[in-house]
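Take a look at this single chain in structure tokens; it is the form predicted on its own.
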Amino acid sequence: MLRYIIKRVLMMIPVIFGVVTIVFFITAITPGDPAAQILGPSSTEAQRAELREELGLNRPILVQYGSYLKNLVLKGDLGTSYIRKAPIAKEIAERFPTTFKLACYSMILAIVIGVPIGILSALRRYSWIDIASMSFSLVGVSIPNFWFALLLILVFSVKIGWLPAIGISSPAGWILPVIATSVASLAQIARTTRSSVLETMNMDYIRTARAKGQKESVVVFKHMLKNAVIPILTVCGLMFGMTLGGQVLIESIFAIPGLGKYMVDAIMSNDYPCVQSSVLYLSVVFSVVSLIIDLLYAAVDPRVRAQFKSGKPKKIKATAKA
């Protein structure tokens, strides 16, 4: 197990290096002048040139890239914000917990609702329950989350006035962002759960359990769901990682001071170090989430534990059939 963890951590290094390289060069060639953004429209060309020289923006791109990697690898320095003149690592550390909370609340809601819907849909296959739940899931994976967020604000904040439209200063302020963020994950989890349970419920051991007179609840939760959980774990891990990195618009719409809004503000102000460091941070978090999901496989499936002990873990393929 320890050998596998070390191997996975080492495999994260080229992935993170690739992310850093791609994001750095994309931001470097993006149109816009950070000096003009910082100094404002009333600044002179001489002042802008002086600031570019101070920030190192006049150096060749490869020289800038080498300096960025040197500070990142040798010093662990993510740089300093052009606009706020503050260490980026500190700013990310202040904002990431909010993004992490929103992702956790959204995934809890998606799992608590999506898994039962998927199980019920599989057990009542082709019934009106199955048709209604899968239709809801299809809509959930199709609608853009920012459009759904605006619709929630229009209904529950503007028309009815039950919930605040922006901010998370009170518990009620979390409700609309969590719902808007979780709808796609909920729908995908429900569809995957249905497919996985349908694939498992026709196995011989399920028929044997029923033939022995086991209660249906025991058959479903002890035998059926336990053996169908690997694809569900896979989807939950992927959706959680995507939720962490995909809340840019949601946080901007609801004015949530998280990492997503921080990235939007940095992009709008051409604050390149903030953009690069935020994407790097999210890539590391996503890689860690993937590692945790792989380790959870071993916790729920004895076959995976045996592969870990042998030192040759195999990738488990999770196929989601609608």
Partner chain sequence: MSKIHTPAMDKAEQKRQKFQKRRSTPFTDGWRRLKKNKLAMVGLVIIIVYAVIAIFPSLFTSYSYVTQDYTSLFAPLSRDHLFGTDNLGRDIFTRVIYAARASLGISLLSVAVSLFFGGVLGSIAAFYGGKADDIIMRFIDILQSIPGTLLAITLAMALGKTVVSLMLALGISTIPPYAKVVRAAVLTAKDRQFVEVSKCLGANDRWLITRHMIPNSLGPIIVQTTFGIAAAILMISSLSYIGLGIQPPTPEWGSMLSDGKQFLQMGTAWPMTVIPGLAILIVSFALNVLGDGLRDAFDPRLK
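Positions refer to the first chain, counted from 1. Here, rigid core means the biggest group of C-alpha atoms that superpose within 1.5 Å across both forms. These numbers come from a predicted model, not from an experiment.
Although not depicted, the form predicted in complex with the partner chain is the subject of the following passage.
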{"query": "Listed residue (Val229, Ile153, Ile179, Ala209) with a non-hydrogen atom within 4.5 angstroms of the partner chain in the predicted bound form", "finding": "Ile153"}
{"query": "Residue (of Val289, Leu282, Leu296, Ala35) lying close to the partner chain in the predicted bound form, criterion heavy atoms within 4.5 Å", "finding": "Leu282"}
{"query": "Triple contact flag Gly241, Val248 and Val275 to the partner chain in the predicted bound form, non-hydrogen atom at 4.5 angstroms", "finding": "yes"}
{"query": "Stretch from 71-79, 216-224, 133-141, 116-124 whose residues place a heavy atom within 4.5 Å of the partner chain in the predicted bound form", "finding": "133-141"}
{"query": "is_contact(Ile160, the partner chain) in the predicted bound form, heavy atom dist at most 4.5 Å", "finding": "no"}
{"query": "Contact test in the predicted bound form: Gln47 vs the partner chain, heavy atoms, 4.5 Å", "finding": "no"}
{"query": "The partner chain contact at Ile29 in the predicted bound form, heavy atom, 4.5 Å", "finding": "yes"}
{"query": "Any non-hydrogen atom of Ile253 within 4.5 angstroms of the partner chain in the predicted bound form", "finding": "yes"}
{"query": "Sequence-ordered residues of 174-202 touching the partner chain in the predicted bound form, heavy atom within 4.5 Å", "finding": "Arg191, Glu199"}
{"query": "C-alpha of Tyr281 off by 2 Å or more between the shown form and the other one on rigid core", "finding": "no"}
